[in-house]
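Next up: just one chain, as structure tokens, the form predicted alone.
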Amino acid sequence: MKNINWKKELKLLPGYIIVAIWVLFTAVMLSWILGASFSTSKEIFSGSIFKFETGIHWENYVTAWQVQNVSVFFGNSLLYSVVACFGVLAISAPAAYVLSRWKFTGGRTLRIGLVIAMSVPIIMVIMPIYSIVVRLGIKGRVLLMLLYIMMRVPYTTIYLLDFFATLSKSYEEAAYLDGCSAPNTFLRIMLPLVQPAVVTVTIFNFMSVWNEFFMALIFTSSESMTPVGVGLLNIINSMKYTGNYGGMFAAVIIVFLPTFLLYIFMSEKIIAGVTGGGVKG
């Protein structure tokens, strides 16, 4: 059994307390929302959501999914997130590999440009983007998917670049001696070596696109292409007419569940991707 350094642990005690308070607060809030999703509007406003005096109202989820169009919002967000993750990886992984392994004119400038792009808030460039897409005539789901891909490319490239840079050049030298071309070396040898980083950044990208709100609000022109963020806003706005708050909280749980489960089941891979790396060369 490992000896515990109580002196060190006592120094960390304030941090433990803060984390414990935050975890408790989050658990209480999520529990309340979950309880509200199975209650009626009357029970929610009377503060008796955990008593379930009138039973557990599973119909709130049916109403949210079918009547309040959460199924449409859910499907749209899933489409945007999956396509964006694959599109970003197809662009960023080769770019990060090239930038990390070869020196060429403009390479440093390109890296600096990616870092600058990461630091620019989307609200600062939303009007130029809107002007460009109007002139090009791009619209519909294709527009949102392209925007989400471009939005995540700088971060993903810089993230993967650091991992590729730590890999030993002996891998590529061995592949070259075996007659492996540069593209095959990248796909068959180098990319699998940074798999933890790829998985981690893909999860981050999925959650970012799934939770994105501002661009969806600007560029969605119909409910049929609306993702979950804007869809929830529409549901909240409709409460003044329907008063179905149980259905609203059921919609919140449905929207929240995919990213929550993704993080729960992939947490080990996320940690490995954040802290891991290859053999340093």
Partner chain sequence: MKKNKAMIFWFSLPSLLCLLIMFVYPVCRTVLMSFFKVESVTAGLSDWGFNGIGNYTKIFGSQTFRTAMGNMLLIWLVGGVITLLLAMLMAVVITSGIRGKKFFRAAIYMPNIISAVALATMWIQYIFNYDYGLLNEMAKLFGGDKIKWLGSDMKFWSMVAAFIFGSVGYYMLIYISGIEGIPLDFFEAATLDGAGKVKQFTKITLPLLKGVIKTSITFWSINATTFFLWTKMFSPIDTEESTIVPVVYLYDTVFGGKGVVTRDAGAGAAVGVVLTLIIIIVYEITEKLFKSDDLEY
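Residue numbers count along the first chain shown, from 1. In this text the structure is predicted, and so the values were computed from the model without any measurement. Definition used throughout: the rigid core is the maximal C-alpha set that superposes within 1.5 Å between two forms.
The form predicted together with its partner chain is left out here; the points below concern that form.
K.L.:
Tell me, out of 189, 180, 91, 165, which residue has a non-hydrogen atom within 4.5 angstroms of its partner chain in the predicted complex.
P.N.:
Flagged contact: 91.
K.L.:
According to a 4.5 angstroms non-hydrogen atom cut-off, is residue 52 in contact with its partner chain in the predicted complex?
P.N.:
Contact check for residue 52: no, nothing within 4.5 Å of its partner chain in the predicted complex.
K.L.:
I'd like to know if residue 75 sits close to its partner chain in the predicted complex, meaning any non-hydrogen atom pair within 4.5 angstroms.
P.N.:
No - in the predicted complex, heavy atoms of residue 75 and its partner chain never come within 4.5 Å of each other.
K.L.:
Could you confirm whether residue 38 comes within 4.5 Å of its partner chain in the predicted complex, counting heavy atoms only?
P.N.:
No - in the predicted complex, heavy atoms of residue 38 and its partner chain never come within 4.5 Å of each other.
K.L.:
Applying a 4.5 Å heavy atom distance criterion, does residue 56 contact its partner chain in the predicted complex?
P.N.:
Contact check for residue 56: no, nothing within 4.5 Å of its partner chain in the predicted complex.
K.L.:
Counting only heavy atoms, which residues in 199 to 216 are within 4.5 Å of its partner chain in the predicted complex?
P.N.:
Stretch hits, in order: 207, 211, 213, 214, 215.
K.L.:
Please check if residue 66 moves between this form and the one not shown, taking a CA shift of 2 Å or more relative to the superposed core as movement.
P.N.:
Where the cores coincide, residue 66 shows only a C-alpha shift between this form and the one not shown that is less than 2 Å.
K.L.:
Once both forms sit on the same rigid core, is the C-alpha displacement of residue 221 at or above 2 Å between this form and the one not shown?
P.N.:
The answer is no, as the C-alpha of residue 221 shifts between this form and the one not shown by less than 2 Å after core alignment.
K.L.:
Superposed on the rigid core, does the Cα of residue 234 end up 2 angstroms or more away between this form and the one not shown?
P.N.:
It does not reach a 2 Å shift.
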